[in-house]
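Let's start with one chain on its own, the form predicted on its own, as structure tokens.
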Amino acid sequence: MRKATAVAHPNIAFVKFWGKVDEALNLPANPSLSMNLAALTTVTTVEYRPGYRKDAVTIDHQPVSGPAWDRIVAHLDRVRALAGIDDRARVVSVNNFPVGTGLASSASGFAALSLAAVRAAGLEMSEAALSRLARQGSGSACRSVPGGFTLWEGDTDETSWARQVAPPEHWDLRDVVAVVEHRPKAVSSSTGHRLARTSPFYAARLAWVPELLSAAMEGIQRRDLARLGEAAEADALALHGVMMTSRPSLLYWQPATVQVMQAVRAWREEGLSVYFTIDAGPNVHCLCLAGAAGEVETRLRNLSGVQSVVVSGPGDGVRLTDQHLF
């Protein structure tokens, strides 16, 4: 019996990737910069056993089938090919946050799956190699492999992986997440990536990314919230502009999404330093310093459209634990 369990955190991208140059290898059209979220956690146990007839996958206590099962099995097959084994696996994964709502559950999910599957198969991998592997399961998963603040760049299979640009303790930044919808989104990020090139604004956003990335990196390095926040907010709006003008168009925002965005801008005018960003979903990530997180959380909870609020600081990278799920 070979079993391993890994813990990973999703990440929030300050400069996001949207669109791929190679869909099979999950190679991004542009670099991205993110922070792991310590308060949100995925735990995954993988066990290979000769007696298993097929791979069995359970996520949040529900058996997985269909395209989601196919995607996980394809990732297990990558690991089996590297390890030279044929045994089927049992995979059990649990999240402490809603899946499929734009909170990057696939990032933490495939980061944890990658490490658990690799170690259960008896393999050792460098952080870069593990990040490359995780990327093939879900692009953003490569950013959840290193800890803290991470940069994903590279446009070939050999060069495309994420590296740490600052450890979690570098900056006491907070992401106060306004959850306005717990239900999974109707259109997956994978579908959205395929549609990106149909937007007339796609090329313009890609041309703007280097400037936004430079500003966001400088903001992290200098612990300058305004520098980072302005870049993150601009990138999120540009990204969703591409989504809204793709064919067919994608509109992830809910009325409460706009309510939160407008509130954040009003609060900033009042002197509260907070900025928003939004991944491929309706929920809004509000970036602020630790000292302002309580005030931001209270104000968000008082908005009628906000269902719940999650507050997180920078999180560690993927790691093993001996607390197996079965």
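Values in this document were obtained by computation on a predicted structure and should not be read as measured data. The first residue of the sequence shown is number 1, and the count goes up from there.
We do not show the form predicted together with another copy of the chain, though everything after this point is about it.
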Is it the case that 201, 204 and 208 all touch another copy of the chain in the model of the complex, with a non-hydrogen atom of each within 4.5 angstroms?
-> yes
Identify which of 92, 79, 242, 225 has a heavy atom within 4.5 Å of another copy of the chain in the model of the complex; exactly one of them does.
-> 242
State the residue from 65, 62, 298, 262 whose non-hydrogen atoms include one within 4.5 Å of another copy of the chain in the model of the complex.
-> 262
Partner contact for residue 255 in the model of the complex: another copy of the chain, 4.5 angstroms, heavy atom | yes
Close approach of residue 249 to another copy of the chain in the model of the complex, 4.5 Å, heavy atom | yes
May I ask you to check whether residue 128 falls inside a 4.5 Å heavy atom distance of another copy of the chain in the model of the complex?
-> no
Tell me, yes or no, whether residue 237 is in contact with another copy of the chain in the model of the complex, where a contact means a heavy atom of each within 4.5 Å.
-> yes
Another copy of the chain isn't shown here, but in the model of the complex, which of 67-75, 171-179, 81-89, 193-201 has heavy atoms within 4.5 Å of it?
-> 193-201
